[in-house]
Structure formats: structure tokens, C-alpha cells
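Taking the form predicted alone, here's one chain by itself in C-alpha cells.
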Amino acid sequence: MQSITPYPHMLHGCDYNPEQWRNRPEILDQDIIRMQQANINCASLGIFAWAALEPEEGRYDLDWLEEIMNRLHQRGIYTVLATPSAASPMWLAHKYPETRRVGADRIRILPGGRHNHCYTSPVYREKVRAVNEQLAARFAHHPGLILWHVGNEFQGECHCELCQAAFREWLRERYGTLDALNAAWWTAFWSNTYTDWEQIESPAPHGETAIHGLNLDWKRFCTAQTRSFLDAEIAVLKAANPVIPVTTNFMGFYDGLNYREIAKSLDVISWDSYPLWHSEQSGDESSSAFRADAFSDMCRCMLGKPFLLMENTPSQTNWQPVCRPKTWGFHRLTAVSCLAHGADSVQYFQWRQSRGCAEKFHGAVMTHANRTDTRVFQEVSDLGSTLKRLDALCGAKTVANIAILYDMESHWAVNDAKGPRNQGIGDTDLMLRFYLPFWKAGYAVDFVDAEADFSGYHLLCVPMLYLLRGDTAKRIRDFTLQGGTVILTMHSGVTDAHDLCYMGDTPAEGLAELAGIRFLEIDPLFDGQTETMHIQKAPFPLAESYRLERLCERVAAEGAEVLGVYDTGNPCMPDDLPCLTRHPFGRGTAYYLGGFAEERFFSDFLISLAERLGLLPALDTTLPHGVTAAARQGKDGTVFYFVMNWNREQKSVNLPFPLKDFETGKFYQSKLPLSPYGAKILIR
């Protein structure tokens, strides 16, 4: 696998905003020298800089940007150049009010802020095209340019008349006729039948919100319109130089857009990582770390190659409830963990703290003190020194035999379903409960969506796939028939692609047959209420019982072997209803879990199942609590092992084979010591 940018080295970079310091040339002179001292080799320029690039309509000033890029390149620092579309300048927002977004309440926003523009507006698209053409003409062949950063953290939606018209046209293309749309949306409900396309409006708090097909299609449209806007930007850049790759930065488990659809337009995935560190008195950072690593794995899987960590803070954020800085040495640990899960970069927001406005107290390599003898500067510099020696890791792959299916359209639909539970249905939490034991034990996991090819995996986990679309069910069945092991859960296969309930047995489309069960009813629990699953027959080591919460699905076994049953504590209910089953299917096996089980069950069940299937973690050893491991194979065949200690106390790992510390050259024969919040990069 090749490097994901034309610069074949690990990127160590930062968001750099020289436009904020143009009246302080001595600051700009210092910055580039200090970037070298910090072992920075790339800088992201131009984000939110439109007012400096085009101070008034049609008058462009790119000289300052070219001067900065030239000076950076002369010092061996490359440029990730952003388009400025994520925040329109004041002159544009005032002169062209149609470019400003309209909320779901149908009120147009005032000028200011960021992400303040309508993706549909022809005026805004034209103004973006014009400034992008200027940037592309000037810099597309600049020797220092290695990546285009299009916009920034795409998000939000607009409900203006332009977007309403575009939505209706999108629906015409999707359904063809109003009869087809009415059937897909089930509009006979509450006499909501549409008789004219102009009657269709986007969901509104003071209007229609009960047509779930409308709500789902609006979310699909917002993703499609965002991607259309993104594609228009990319087309200008690629026309000038098709060689330079493009990216835009994602925001973790943000669900306002279907990131997998956006990813189809990109050459490289990047994301901005800001976990809530140090919120636990115990000093155990696992609960934040595993969520960050889960999204890193998602980013790695979207295009099937390494991603870029576009933003993280070297110290603290400024927008969390409590903005604690990363404690001493902790930054290295978070960086190594990102590398372990597929990153080919460590980049910061930001290089230098702003003097004013909303981000003046956000962490940075250079603080207001303007000194290099700080702890943060030294930690950044030390990490950069390590990254300089990791060329063999660039483009390295992760090999996973386990996949978790997490589909954004199903997530949208199940969270809008109005039942069976409206205060946290928990599909994302359930997905993370599947991920957590594998993360703890050091198993590589791929995240796939409903359109993926499952054939290359041994174990496929399908948590709460409420909405079934396309031929997903057939491909799950085929995967199992051909020898794969699949785990299905409660509240799966309930509705079709329009969020219409299937008639007949669920999970639908043959998944009930696959699992060997028949659905009876779904029983949601209030917060604080629990039931118990008793294990009757354990195919591998399990506890006698496990706690259940949130959702309990009642089923009958029709061919499946019952492994666990409910203990509801209700004398009016049968005490032998299946909760955990196993069913041979073709050459494979289907497991079914009916209750939202506690974390302990997933740890016991999934790791035992993986061992039974002969699947191996990165290091075939028992890892102490809070210690994780991962592996990547470099393009030269070198296998890199990463071991991370998320505890505020020293730990040690029993090694299954000797490993060499990549940085120090020291050999560890059988035991690997890990300092508090320590991280090791090792080779075999």
C-alpha cells in the first residue's frame, strides 16, 4: 500500500492561521523556525481565511498566502491547503442574504459564525467556485502542496426555499411519481397524502415530523446535497491538477451526515479527535480511549486505507464542560494509539493560540507565552522526532478477520421510530459494546455498512440492524452459508429502506430463518429496570447469568439451539423464553442475542467465540486492564506492534514472542514494562 499523499513520510502538522498575525511580522518570522524546532513537517493553511483571501468581492489577495507557502517549503514544511468555504465573509453574507442558512423553524440566520451558508444557493456555489479557481490557478502546482483540505467539518442543514425546491427535485428523481412517493412514505396515515410536489416541505418543528419516510429521505438529501457541494469544490481543484489528493475532516460519531457517502468523493479520510480526557478520578482513560479508537477504525475502513488525524489538541480543548489539559506525557500515548489504529499523521489544532474570540484558550503548540521551553512544546517536538523515523509505517495496512456492521441509514431510522424506546434506543451504544472487548483484547476490527462485501471476514457482528435495505440480508445469509459466523441481535430486520415495517416474520428477508427463531414481541425497559439472562448451555466458558437492560426481545426457537433464557422476575411470563441462541446454517453458524446485555457478557462471549474460531489478537497474550495492543504491516513487510497503557499506574505485559523497541533498539524477551500512560512501538 502506498503513502496516501505525495509526501511519503508520516505527517506531523498543525492548523496554522497566519492571516491572524499579518500585523505582527516578527511572529510570522518566529513561527517557521519554531515549527522546525518542533519537528513539524506540514501546515494546514487557509481554513476560515476567506476574508483575507478575498477582502472585497472580486478583489483577491493571495500574495501573503504564497509568501507563507514559499517560506514553509524552503524550510522543508509542506502545505495542506484548505478551501475557505466553511465560513462566508461578512461582505458576502450581507450582500447576498440568500446564501445564509434557514433553520428548520424557517428563520434565516444572521451573518457571522461559521457553517453559516446554504449548500444549494447558486450564488454561494459561484462565489466558492471563483475563490477556489483563484487558489487552484495559483497553487495547484506549488512544490509545497501535498493535499487539498476542502471546507472544514461539513455539518448542518438548510431549509430555505432553494433547498425545498432541490429536495423536491431529488425526490422526483428518486420516486418518479407522487403515487410511488406516497406508497413509500405511507402517507394515508393521518390523511397526509400528497397531491402536488409543491406540497412537500422538509421536516419542521411547527410542521410535519410524523412521516418517517420523509424524515429519512430528508437526511439522505442533506448528505447528497452536502456531497454535491463538496464535489463541485473538488472538481475545480482536480481540473487544475488531478494528482493532488483531496480530503475533508470528519467529526467522530457525528450523525448529521452519512460519512460513508461523503467518503466516496475523497482520496483520503481525515478526522478531528477530541475525547473528554481525564474525567475519571481513577485515572483509567479506557472509556474515552476506546471510543476514539473505534472511530479511527471506522475512518480506516471507509476507503480501506490509512487515514489522517487532521486535528487533535496537544494540551486542552476550549469547548468541553471542563477543559483539562492532557497530563504530562499523555499526548504521546494518544498519538501512538491513533497510529496503531490506522493514522498516517498526527496533526494539531492549532499551531498558535489566537489572541481573541472563541478559540483563544484552545490548546496549541505555541501558547500566548510565546515560548519554546514549555512541556507541551517539548512533547510535540519529541513526538515529531519519533515520527521522522516511521517512514516504513506510512501506508501500512491493518488485517482484520472481524467486522461490525454499523449502518448510518439504519441509525437514523431507529432513532426516529417512535418506539419501542424513545429515551435512548442505544444502537450506537450496542455497537460499541461489541467493539469494546475486541479493543481490550487487541483484536483488529473493521467497521462495515450495509453495502459492504462481508466475504473476507470470519466473524460478522450485526447489532440492531433495524432497517434492512438492498440485498444486505441475502449477503449476510450467503456469508453464513459459506462458513462465516454471524451474530444478530434484537430489533433487527424490522423495516425496509423506506422505514416501512415488514409484513411477516422478523428479522425479515430470511434472517429469522438464518437465526432459527420467530419474533413474538419487543419489551423495552425503563432506565434502572433490568432482567436476567440465565445461561443454560455454554458452548464455551460463560458466567451463569448476565444482566439485561433497555430492550428485551421475546422470541420462540424454531430450529435454533437455546443457550440462554430470560429470568424476567414476572410470574405471569414463561421462564424459558430464549435470549441467546445458536443455529447452524449451511457451513456456518448464526448466533442471536435478544437482550441488551451488560458489558461483561460481551467480553465473555465475544472473546471466547473468537478463540473458538481460531482468531488471534495482535499479541496472543492476556492484557492487563487498561492496556491495549494493535498491529499494522508496513509496505516493506515489517510488522509494527503498538502497546498502550491507559492507566495512571505502571503495568507489564507477558509477551508471546520477543519484541524490539523501535525507538530505543532494546529487546524485550518475555515481559514488557509500561510506564503510567506509556506507549511502545515495537517490531518483531
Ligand code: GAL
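Counting begins at 1, following the sequence as shown. Just so it is clear, the model here is predicted, and its values are computed rather than measured.
The same protein also exists as the form predicted in complex with the named molecule; that form is not shown, yet it is the one meant from here on.
Undergrad: Look up in the model of the complex whether residue 328 has a non-hydrogen atom within 4.5 angstroms of the named molecule, and give yes or no.
TA: Output for residue 328 is no: heavy atoms all beyond 4.5 Å of the named molecule.
Undergrad: Within 4.5 Å, heavy atoms only: does residue 120 come near the named molecule in the model of the complex?
TA: Residue 120: no contact with the named molecule in the model of the complex.
Undergrad: Using heavy atoms and a 4.5 Å limit, would one call residue 274 a contact residue for the named molecule in the model of the complex?
TA: Residue-level check for residue 274: yes, a contact with the named molecule.
Undergrad: Does residue 311 reach the named molecule in the model of the complex if we count a contact as any heavy atom within 4.5 Å?
TA: Yes, residue 311 sits close enough to the named molecule in the model of the complex that at least one of its heavy atoms falls within 4.5 Å.
Undergrad: Only one of 434 to 442, 606 to 614, 358 to 366, 470 to 478 gets a heavy atom within 4.5 Å of the named molecule in the model of the complex; which is it?
TA: Of the options, only 358 to 366 has residues within 4.5 Å of the partner.
Undergrad: May I ask you to choose, among 189, 526, 540, 319, the residue with a heavy atom within 4.5 Å of the named molecule in the model of the complex?
TA: For this set of options, the contacting one is 319.
Undergrad: Give me the residue from 114, 388, 534, 375 that has a heavy atom within 4.5 Å of the named molecule in the model of the complex.
TA: Contact with the named molecule in the model of the complex is made by 114 alone.
Undergrad: Heavy atom within 4.5 Å of the named molecule in the model of the complex: which residues of 45 to 67 qualify?
TA: Only 48 sits within 4.5 Å of the partner.
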